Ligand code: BEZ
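What follows is a single chain, given as structure tokens, in the form predicted on its own.
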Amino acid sequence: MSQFNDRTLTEQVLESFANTPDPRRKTLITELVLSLHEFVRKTNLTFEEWDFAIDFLTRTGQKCTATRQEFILLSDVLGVSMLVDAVNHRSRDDATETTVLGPFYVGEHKPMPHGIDISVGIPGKPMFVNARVTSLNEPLANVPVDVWHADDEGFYDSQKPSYETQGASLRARFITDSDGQFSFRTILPCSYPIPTDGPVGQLLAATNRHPMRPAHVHFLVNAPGFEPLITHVFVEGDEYLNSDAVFGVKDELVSKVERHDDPIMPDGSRASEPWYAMSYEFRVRRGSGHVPQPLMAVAAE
């Protein structure tokens, strides 16, 4: 009969995985066991704390549905999502900085014409977005760019019951022109809280952390022959830029979004009230990469 103590048990567990055929899988499980066992030893974890952790993870799984993924939310607030992004994008070579995809990317949409209003019927302050996609030294034409963002109350279209019947809003796909440009009208995004009605919200409350994300627009640039670019553009001046609940802000991704009182927007459309302008140039670098599959919605990003 085997005899274990708090050190030899780890060795026995690692030995049990010694015949794992896939080298990468073996590395991952080995490092996971080492890290988990060291955490237990270092903290002298009690039975009560272990029970609480199991219950917390169980409730996290139970909170997941077809329209909500609480584990992604947990990964976000622990900084794991951004850490995975960081270790996979250590070198940028002057390409635009990346950030998390977020859980509200729903995949392809039929490309829309430049200048279209993607916020029809959605209340909010009008905003005109003009953007450009370049390699590190020249414009890129015929590049699909997906955009999506939350409404004036902080909700994404896919969070709402009406999404299945009424379709997308505040989301679109555009194809860049010969100069790498695309533009559209929408509403000014606002800062908003991630969901706090589940285990992750309880974690934030117990650790005295706020749940807010600064205002931003998501972009996914997928130029053939170049690494896919997944990023946000944040609104300068937002009070949560330095304390994003999911750690997604990078200085380069903050844009000065200016108010205008002109009656005509840059595309010639009339403005019945003051409007805002966001401009940004996305720089991509040659290479390849995986465009992620849509995640289940979670109300985090």
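Fair warning: this is a prediction, and the values are worked out from it, not measured in the lab. Residue indices: 1-based, along the sequence shown.
Quick note: we don't show the form predicted together with the named molecule, though the next part is all about it.
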Candidate site Met112, Asp146 and Arg173: all three near the named molecule in the predicted complex by heavy atom within 4.5 Å:
no
Stretch from 179-187, 94-102, 134-142, 120-128 whose residues place a heavy atom within 4.5 Å of the named molecule in the predicted complex:
94-102
Should Tyr156 be counted as a contact of the named molecule in the predicted complex, where contact means heavy atoms within 4.5 Å?
yes
Should Phe226 be classed as touching the named molecule in the predicted complex when contacts are defined as heavy atoms within 4.5 Å?
no
Using the partner position in the predicted complex, report whether Val221 sits within 4.5 Å of the named molecule, counting heavy atoms only.
no
In the predicted complex, does Met82 have a heavy atom within 4.5 Å of the named molecule?
no
Given that the named molecule is left out here, which of Val257, Leu241, Met265, Val246 has a heavy atom within 4.5 Å of it in the predicted complex?
Val246
Taking the named molecule in the predicted complex and a 4.5 Å non-hydrogen atom cutoff, the residues of 214-236 making contact are His216, His218, His232
